[in-house]
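Below, in structure tokens: the form predicted alone, a single chain.
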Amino acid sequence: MTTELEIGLYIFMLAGFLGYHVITRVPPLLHTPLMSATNAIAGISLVGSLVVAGADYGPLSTALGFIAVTCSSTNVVGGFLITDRMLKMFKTTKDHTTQRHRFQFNPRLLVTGLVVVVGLFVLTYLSDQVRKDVIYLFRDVLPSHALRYFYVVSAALFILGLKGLSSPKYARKGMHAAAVGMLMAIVGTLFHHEIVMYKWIIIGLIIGSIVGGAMGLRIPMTAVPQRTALSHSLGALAACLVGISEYFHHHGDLSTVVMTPLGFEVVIGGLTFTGSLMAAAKLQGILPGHPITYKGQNIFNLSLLGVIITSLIYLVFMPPEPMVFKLMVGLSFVFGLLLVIPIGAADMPVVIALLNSYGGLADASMGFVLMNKIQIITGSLDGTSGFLLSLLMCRAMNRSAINVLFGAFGKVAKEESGVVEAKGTVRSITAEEMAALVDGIRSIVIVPGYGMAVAQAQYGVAEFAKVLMKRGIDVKYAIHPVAGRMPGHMNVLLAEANVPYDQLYEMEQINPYFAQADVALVVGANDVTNPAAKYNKNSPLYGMPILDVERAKSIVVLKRSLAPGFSGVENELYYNPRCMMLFGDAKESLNKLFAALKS
């Protein structure tokens, strides 16, 4: 006879397989919304958190459950709101020029329809029980069936929501469906038979909704990577706390089948929590962006991981050992911190995607502990999306995930950057000279980078492009997969500045066009335009696919100085005879350029 564990494993594998086929169809244009959306869906840890906070397990479990509810609800509300903000920005050129009325999706219609359908189905199915015992129906039978059917509909809506991200046209409607699915999962969980008090649940939901709402509505798009990393930490912490609560609630008296996923839940949740906090601190500039390393660091980290794994294996066979459990939890938090600190900011796109995957695995593990099918499904979907995105980012950087985690990329290059000899003469250009340059061109390719985000220059870039297009100049944007600090970050920033997404071209699409472009305008991009990646075998960037900017007839780089980017590698493009540097803040340089064009 098939056990609950076997059913859970089947669901996990099938959900991962389905997630692979759904998520691989999401275009790079929507990779940032995808990560934000799966982050919000990973807030399904709220389901287990509600049970722990509402069940009378004891003061410790109630406190841990309350914190978990607050963290998870922050993730859910903030994640869906900021995803909706991003998707609302993506428009085509036709959308910008036409104002025709379109049908607007109303989430309330979907909610009403689903409630009616589910209600009729449940009432029809339980018609005999209505005649026999109305009190028994509403106290015992109806809640259990409502919980079951709400979860089934929620899982379908989550999958449809991710499927909608395969096209910008339907992405927002898909996210509305996923949000409704999350609401149904929460409402269904409130019918759980173990929930006997709602005080701490309500308080946690209110606090989390306020914090998440503020984050989702007020955080600027330039800070999306930091917010995403912070959300990873909150979701992972919720999963870890629920696992700790379950362990002490049962006093460690757990079967091998339960203790195995519980151990994974706590370990992965703990290291993802501290690791995500370190990633957010690096992205925010609280910690230095370059790798922080020390002698024997990898050996120490691997030894620490070995102790954690040994503790987990011991607990699987000897669960009632609270001291070993506490040691394992504490070391997991420490390992997450030490894992991310040696990683440079240049590798953050990969790190954030990996942390997203870890958070999904923690949620899936919680689903196995609580035998909750909806958590297994969403955890598998989240883990799949993060893993696939991390592979895509590694491929775009010509590196492996192991190399990212233990390679300390940029450390050596940073130390050697001071002794690199100049490759030639650097030419500078003024705003007035550049205005004269673009006056007679026919085509231009704009290459945005993280420097554009730092300078808040995306609006200036968009306005500059509009001026050129009014003069009949063909304008295209070249987007590298790892430009920015998370997958697809440049697409979001340009969409925020009302740049039509049909003007954005991926690296494979735009590279053949550079040779025909009169001007390539590089705005704050460094490593993704460095020719050393093609021919310098001694460069850490060697083998990394880059944008073929050096093939353009003229190259103009907007940059504060000749300082290298986050990788610490000097950009040889600046010494190209066709390259000219417009030094200064990108936003201020564009303002000067506007004035020069008008005069």
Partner chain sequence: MIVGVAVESYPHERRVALVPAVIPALSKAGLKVLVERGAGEKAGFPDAGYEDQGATVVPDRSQLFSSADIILEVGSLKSHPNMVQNDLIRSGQITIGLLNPFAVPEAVRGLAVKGVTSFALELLPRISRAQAMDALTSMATIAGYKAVLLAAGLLRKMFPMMFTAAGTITPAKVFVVGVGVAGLQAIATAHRLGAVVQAYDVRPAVKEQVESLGAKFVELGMETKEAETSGGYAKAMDEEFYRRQREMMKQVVGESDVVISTAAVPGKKAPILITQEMVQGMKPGSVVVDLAAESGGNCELTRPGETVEAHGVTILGPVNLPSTVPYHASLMYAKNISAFLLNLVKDGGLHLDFEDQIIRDTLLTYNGEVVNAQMREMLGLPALLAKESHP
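Heads up, when I say rigid core I mean the largest set of C-alphas that superpose within 1.5 Å between the two forms. Residue numbers count along the first chain shown, from 1. The shown structure was predicted, so the numbers you read here are calculated from the model rather than taken from an experiment.
Quick note: we don't show the form predicted together with the partner chain, though the next part is all about it.
Within 4.5 Å of any heavy atom of the partner chain in the predicted complex lies no heavy atom of Leu30. Although the partner is absent here, Gly367 sits far enough away that none of its heavy atoms falls within 4.5 Å of the partner chain in the predicted complex. Using a 4.5 angstroms threshold between heavy atoms, Gly336 stays clear of the partner chain in the predicted complex. Residue contact check for Arg485: one or more of its heavy atoms lie within 4.5 Å of the partner chain in the predicted complex.
Here the marked residues Val76, Leu183 and Phe191 all miss the partner chain in the predicted complex; none has a heavy atom within 4.5 angstroms. Only one segment in the set 450 to 458, 208 to 216, 158 to 166, 173 to 181 has any non-hydrogen atom within 4.5 angstroms of the partner chain in the predicted complex, and it is 450 to 458. Proximity to the partner chain in the predicted complex, taken as a non-hydrogen atom within 4.5 angstroms, holds for one residue of Ile82, Leu493, Ile352, Ile343, which is Leu493.
Residue in contact with the partner chain in the predicted complex (any heavy atom within 4.5 Å), chosen from Val557, Leu34, Leu541, Leu50: Leu541. Residues of 502 to 518 placing a heavy atom within 4.5 Å of the partner chain in the predicted complex: none.
The Cα shift for Val492 between this form and the one not shown, taken after rigid core superposition, is 2 angstroms or larger. In the core-superposed comparison between this form and the one not shown, the C-alpha atom of Tyr501 has shifted by at least 2 angstroms. Annotation: Cα of Ser539 displaced by at least 2 Å between this form and the one not shown, core superposition.
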